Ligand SMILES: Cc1cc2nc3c(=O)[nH]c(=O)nc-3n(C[C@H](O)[C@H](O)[C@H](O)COP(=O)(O)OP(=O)(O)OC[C@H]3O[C@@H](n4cnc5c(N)ncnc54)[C@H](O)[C@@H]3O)c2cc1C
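Read the single chain below, which is given as structure tokens and is the form predicted alone.
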């Protein structure tokens, strides 16, 4: 990595030149880095705004799942069958699904070799279990902190390989050039947050042949979120230069604790905790689920199934299914303005309306699960202690003792199934830009739990394979780079200078703008969506973005990283709402992890009001046969295109033919 400097407005700005710039420090980004080195491409660097601050290092659940090909037992499996199961979730391209399946074992064993403690039996079989939307038991887990352990193992390898890491650098723009009739990414602009007081305001430029974008999902858009607060996302960087987003309508939402952000899936629900709501001061305690369920067997079984079926799913609302609980929690917290808690110290009670909970009221599946786990104990916390003690310890490590205190919860944004479009090598429509991990929207509507971790490892592996084989060239010479990018760098630099005005007294705080973004996304783009309100939300989102871009003002350069972050999130939330509006205009109904209100539909249950009526998409609905792609054109106008879903390739596999293509270098192209 070569360092020199350029002059912008007679101010020196450092420039780093290298083959590949990796933005982000999550498990996908780190895997891209270590694989690039293993493939022989060493002129690389990792640039991150906060080392270890992403979702990988800071998120999990009761038993965080990694989805992989079955690698033990008697049940037959194959990459094609795994790909077909991924594809069957809807609106996922089959060739991408096949890549994720074919490389599943390779990516998994790479993590094993690096020291991630996935459990195996004495014969070396990596045992599996069924996760949500999984027909074959492909899930495995290293415990509540699977992705954290992945991050730690990959970080150790980054250190062993002496891969340069530039920490506290906020990437604020991607640099592009037009070559022929195609747009290429050729670098990036960052703010060195340790040098914001310098004359150049911390501006740093990267001249790179390739940019790998591993910045995670746009978590900062949501008010009610289980993403770690340090995870915000940078999708706007790519949208700004014309990168295509697809499936932006598809996110996952689920119950989570909010004081310490953590997913409340699996054993947290399977031990049948008590759901209570209170007023804002913690008074007027009520077991509100009793108002909607007619008997304890149905209620307690729905809670148990919430563990297996954790993400909100409108298909699991009717007949008093597990996702009815999400609606009832939302109604208490948002519509009624109350607070909701899980209580692990006492069993659910019928309050005279129905019998109190005993394990015998559970259906056979739930009862047998607890019995076989030796967890048929008196109270939820005793059952959890037997079933999953680390799930309790996790909260204690964050000063929450669920053995004696209530746990406040809400329905939260958890994962973005959509994102930036990539091909089978994870390259964007912008050449040399590789979005990997959650920022790349490889998933469709319904994905098996844990498949995102596999997708992040596979996508980063394949990006590294392609770069090392096809894009392993030298970076642009300094003069050529400046000729291509000087105007872009100067415009960004002058924008930053213009908005710094220590004398300006009237300015809207950035925190209030961020609050408006989060309120709008949680209100109109989360798990409850109202077609009658979406147009207004889109209009207000663009108005906010244009006003922010033209009128933002800050006291000093120390606020610049926040300015660019809020601008990024503001642009991103407007694009996402545009996608949701387009989906609803095409008569899209409830699917995935969101419910679309529809006055012509039916109520979730008799006890809820008519305002909750909704319907599901028919199997042959237009929106189920196509994928929505959305991007800015060269005039910064939003373009929307519906494309066919590509099926899983069923190519004839003949060894001699593939071997020749491999020898001739025809495979990676």
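All values reported here derive from a predicted model rather than from experimental measurement. Residue numbers count along the first chain shown, from 1.
As for the form predicted in complex with the ligand, it is not shown, yet the points below apply to it.
Not one of 418, 525 and 582 is positioned with any heavy atom within 4.5 Å of the ligand in the predicted complex.
Contact with the ligand, judged by heavy atoms within 4.5 Å in the predicted complex, is confined among 57 to 65, 627 to 635, 605 to 613, 34 to 42 to 57 to 65. A heavy atom within 4.5 Å of the ligand in the predicted complex is found for exactly one of 226, 303, 570, 96: 226. Here is the short version: of 185, 453, 299, 82, the single residue with a heavy atom within 4.5 Å of the ligand in the predicted complex is 453. In the predicted complex, at least one heavy atom of residue 48 sits within 4.5 Å of the ligand. Heavy atoms of residue 459 never reach within 4.5 Å of the ligand in the predicted complex, leaving it off the interface. Interface residue remark: residue 438 is counted as part of the site for the ligand in the predicted complex, having a heavy atom within 4.5 Å.
Contact between residue 23 and the ligand in the predicted complex is found at the 4.5 Å heavy atom cutoff.
For the partner-free chain shown, 169, 170, 171 of 168 to 184 come within 4.5 angstroms of the ligand in the predicted complex, judged by any non-hydrogen atom.
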